[in-house]
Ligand code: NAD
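Shown below, as structure tokens, is a lone chain in the form predicted on its own; questions about how it binds or moves come after it.
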């Protein structure tokens, strides 16, 4: 966002400000701090689409009752190697933390575990959950779906039938090295990237969306409908759809995310919307593996050696270096922790308006 109108805020100041907003909105200190940590970390790692730009939506969801404050996961069923959890529409930052910790504990005891989570409010940046498991020494694989949230057209179609359905794979880190972390939406871009673009941020690629007439577009109005500069952004008002990445490949992967995280968990799929009267929610199927229980004697070291080998590839024209999964996030994190977090001015204004409404002093 270097060439865009932004305000640079230190990570500590931004976390404190965000936590104060959610405390005033009704969260206790622990939950407010958890939400603030994860939203700001999304910004720190360069995933601004899942960071503080989400706060107006989160506050609206609290006010309308779509997201519940102070919730905990409900264990529906479990064994030594699995758990089925229900988030009961509580904050995803709280529910996600609890779900990962359950999966890590089971994998540490049994060598591997599978956790199905349903009915969580927005889970935020899925890379957070991969990082949390990796920091505990576990490999983790996450498939995510969106109940009642179709935004993506399937390959060959123009209508919304799929969601952005992220996939994340994380490997335990080696000291002094960036974590190997794959965290991606199965759409060309996540909906949050279009949200950022609509607020004056980085434009999305020209083929990110498709209109009902089949024409490709990068105009946020394709997804949100007519917009005012700082007004709400609601995909319900748009007639177009996001596109799956990689044509049939991304479309197929997104479809399977809906089956694994939505159908298997009992949480529901991306559509049709409104058939069950329930609000938007995320489902997540997570697999946790203790690398010490499998074949590689020096798993992390060998994984890093392979990463180094991949990076030795000769580069294509116009490319400075080959990157492996997790490197962009690690570099953004180091830069923004040292130099501050760039926040779009429209986003900062929206946060200050919320603070004024709640009676909170905001940073100068």
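Just so it is clear, the model here is predicted, and its values are computed rather than measured. Positions refer to the first chain, counted from 1.
The protein also exists as the form predicted in complex with nicotinamide-adenine-dinucleotide; that form is not presented, and the subsequent description refers to it.
Within this chain, residue 329 lines the site of nicotinamide-adenine-dinucleotide in the predicted bound form, having a heavy atom no more than 4.5 Å away. Contact between residue 127 and nicotinamide-adenine-dinucleotide in the predicted bound form is found at the 4.5 Å heavy atom cutoff.
Contact annotation: residue 310 falls outside 4.5 Å of nicotinamide-adenine-dinucleotide in the predicted bound form, judged by heavy atom distances. The shortest heavy atom separation between residue 258 and nicotinamide-adenine-dinucleotide in the predicted bound form exceeds 4.5 Å.
Here the marked residues 26, 354 and 362 all miss nicotinamide-adenine-dinucleotide in the predicted bound form; none has a heavy atom within 4.5 angstroms. Contact with nicotinamide-adenine-dinucleotide in the predicted bound form, judged by any heavy atom within 4.5 Å, is made by just one of 113, 138, 181, 208: 181. For the options 296, 323, 338, 315, the residue carrying a heavy atom within 4.5 angstroms of nicotinamide-adenine-dinucleotide in the predicted bound form is 323. The stretch from 287 to 295, 118 to 126, 76 to 84, 249 to 257 that comes within 4.5 Å of nicotinamide-adenine-dinucleotide in the predicted bound form, counting heavy atoms only, is 118 to 126. Using a 4.5 Å cut-off on any heavy atom, the residues of 155 to 170 that reach nicotinamide-adenine-dinucleotide in the predicted bound form are, in sequence order, 164, 166.
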